[in-house]
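Alright, here's a single protein chain in two forms, structure 1 and structure 2, each given by itself as structure tokens.
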Structure 1
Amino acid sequence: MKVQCLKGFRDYLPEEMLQKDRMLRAVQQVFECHGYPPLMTPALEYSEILLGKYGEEGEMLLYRFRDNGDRDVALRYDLTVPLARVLAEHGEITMPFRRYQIAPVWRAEKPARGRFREFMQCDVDLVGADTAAADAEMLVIGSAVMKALGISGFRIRINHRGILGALCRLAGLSSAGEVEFLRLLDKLDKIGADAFRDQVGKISGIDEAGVESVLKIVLASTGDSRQVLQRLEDALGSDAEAASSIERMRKVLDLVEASGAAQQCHIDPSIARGLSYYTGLVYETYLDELPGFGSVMSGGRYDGLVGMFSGKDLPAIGISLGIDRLFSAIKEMDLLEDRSQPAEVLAVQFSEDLAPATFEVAARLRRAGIATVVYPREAKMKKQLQFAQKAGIPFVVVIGEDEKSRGTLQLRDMEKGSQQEITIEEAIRIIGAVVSEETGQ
């Protein structure tokens, strides 16, 4: 037997998991701070719930099989379709409905750097409000999440479906070549204007003069979002759909600015994001330091999707954050803390005879809310201190014969290398102060 993890799946060892957990808690806290409660749904759904939602290509990526009761089931592919199912199944839910969900999803894709077959998604969605306020709320949350993760160098690139529609019309396209055209537009950054002209020219029905106008508009759309929006209005304002999209984005910008989150938000008419189901605002987030890493947080407005099971159109907008990809990115950017242990204190086990005294101290520290580990066997002090140092545990307490008889302990600050003999009450006060300072940052 070959002992190994499935292709595209991975283990997170405790040290990594501790770091990933810290990220997840930060994300969760931001979501709840904006008034979003959690939702949990099963990993498995009936296949028919998922089929027909992701297009032909997406469907092939489903993990689908028959369970022991011969039911046709599949692992969830995202968190949006399960949300739609929940809304249709639970009539008691009222609008507007906010929820976040942090859970693994499965896609049988070919794995690559930053791309896995099992990965954690963090979704927030707001259902039941097609307003600039709802749109802006997503950008505000997205920006807050990135900052909470300690990332400041990022751009949320924002576009609107209506702009894209107008650009397609300008290029002379009806619905026929739209998808292909938008896909190329999305890659414009990467392939450059010449390759874009070249490849776009192959789409049937394309208007070459129109393509030049599109290029001119898109390439001029850099810098201040207000100005970009103004230039878009000058160029596309005669198109009714574009005009209303621009008006909407202007309102969204007002609200984002009022929230103090405008710095990282950029209007960018080349963001095509997806295909079919987006109906309004769309956005993708890129890291300044790792632009080639792909989008780490994206989403948009999809007014047709959430209501698909209930038959009625429910306006909805959401964000999806790929925490595993972001984790890899943060690791590459060297933003991770190096702590392999959640403990703040190591209690040295001086000798087996003194173990009860050590356990008593450990228990009192824990009751004071200080995470404490006891070295699990009698060993040389050097060894125990080395363990604390390698694990990044900031404090060590030592209870030897002398300390025990005096009712004190030795408190060693591993970073400073200083040590003092004090009572446990004093130790709790000192450690507690340092810990709350750390977590307060």
Structure 2
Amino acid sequence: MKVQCLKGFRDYLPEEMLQKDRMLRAVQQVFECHGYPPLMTPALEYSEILLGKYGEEGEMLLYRFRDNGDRDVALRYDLTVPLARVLAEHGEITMPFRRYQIAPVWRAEKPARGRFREFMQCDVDLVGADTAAADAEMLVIGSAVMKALGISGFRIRINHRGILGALCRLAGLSSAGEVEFLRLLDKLDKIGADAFRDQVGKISGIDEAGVESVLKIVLASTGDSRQVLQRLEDALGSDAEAASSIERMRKVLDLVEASGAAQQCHIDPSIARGLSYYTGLVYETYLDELPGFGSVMSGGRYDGLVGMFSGKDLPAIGISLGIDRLFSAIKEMDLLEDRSQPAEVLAVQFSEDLAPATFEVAARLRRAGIATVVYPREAKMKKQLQFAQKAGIPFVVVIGEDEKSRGTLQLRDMEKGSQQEITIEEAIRIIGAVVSEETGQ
């Protein structure tokens, strides 16, 4: 038997898991700071809940099977469709409804750089409000998440389905060819204008002159978002749907600017995502330092999805962060902390006779909010200090026979290499001050 992890899946060893958990806590704090409580849904759903929501390509990526009860089930593909199911099933939920969810999802897609078949998603959604304020709130939260993770160089590229619809009409397309056209448009920056012309030229009913007009509009959409919107209005303003979408995006920009997040938000008419269920604003987030890495955070407005279950339309908008993908990116950018232990203190174990005193001191430190690990067996002092150094534990406490009789301990600062004999109360004060300074509390 070959012992190995499934392709597209991965193990997180403790050092990485601690780093990942710190990321998740930072994201959670941002969500809750903006007034979003948590929600949890099952990993498994009836297949019929998920089918018909992601398009043909998405459905091919479902992990679908029959369970021991011969039920047709599938692992969740995202957190949005389960949210829609919850809202339809629990009709007593008050609107507008806010929630965030942090949970694993599964997609049987081809693994790639930063792309896995099992990965953690962090979603935040606002249901029951079709307003520019709701749209802007997602962009503000998304920007705050990236900054909370220490990322300053990023761009949230924004578009609207109304703009995309107008571009399709300009290219002479009916609904039959729109999806393929927009998928190619979304790849324009990767494949280039010539390849785009060649590939869209194979779509039935395409208008070559219209394609050139689309390219002219999209390629000129760079720079200040206000100017981009004005150019879009000049080119597409006669299209009623496009005009309405442009006006909505102007209102969103007003609110994003008022929130101080406008610098990272850019209007980009080539962005086309979630074609099977997004209905309004759509956005993707890219890292300046890793231009070829792909989107690390995305979302949009999906006003029709909840109604597929409940029979009534409920406007909804959300943003989703692929934490495993972003973790890989942050690791590449060398933004992860190096500490491999969650503890601030290592309590040295000298002997069985002194173990009770060591455990008592460790318990008092923990009650004071200081994470403390006790070395699990007797060992030479040098070995225990090496363990603390390797694990990144900043303080070591030592209780020998003399310290036990005097009611003191030896506190060693691993960074400074200094050591002093003090009381437990003094140790709590010193360690607590350092931890507070490091965490900014």
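Please note that residue numbering is based on structure 1, beginning with 1 at the start of its sequence. Here the structure is a predicted model, which is why all the values come from computation and not from measurement. Here the rigid core means the biggest group of C-alpha atoms that line up within 1.5 Å when the two forms are laid on top of each other.
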Selected structure - criterion: the form predicted together with the RNA:
1
L253: Cα shift of 2 Å or greater between structure 1 and structure 2 (core-aligned):
no
Does F387 shift between structure 1 and structure 2 by 2 angstroms or more at the C-alpha, the core having been superposed?
no
Aligning on the rigid core, do we see the C-alpha of E32 shift 2 angstroms or more between structure 1 and structure 2?
no
Cα shift between structure 1 and structure 2 at Y63, which is computed once both forms share a superposed rigid core (Å)
2.5
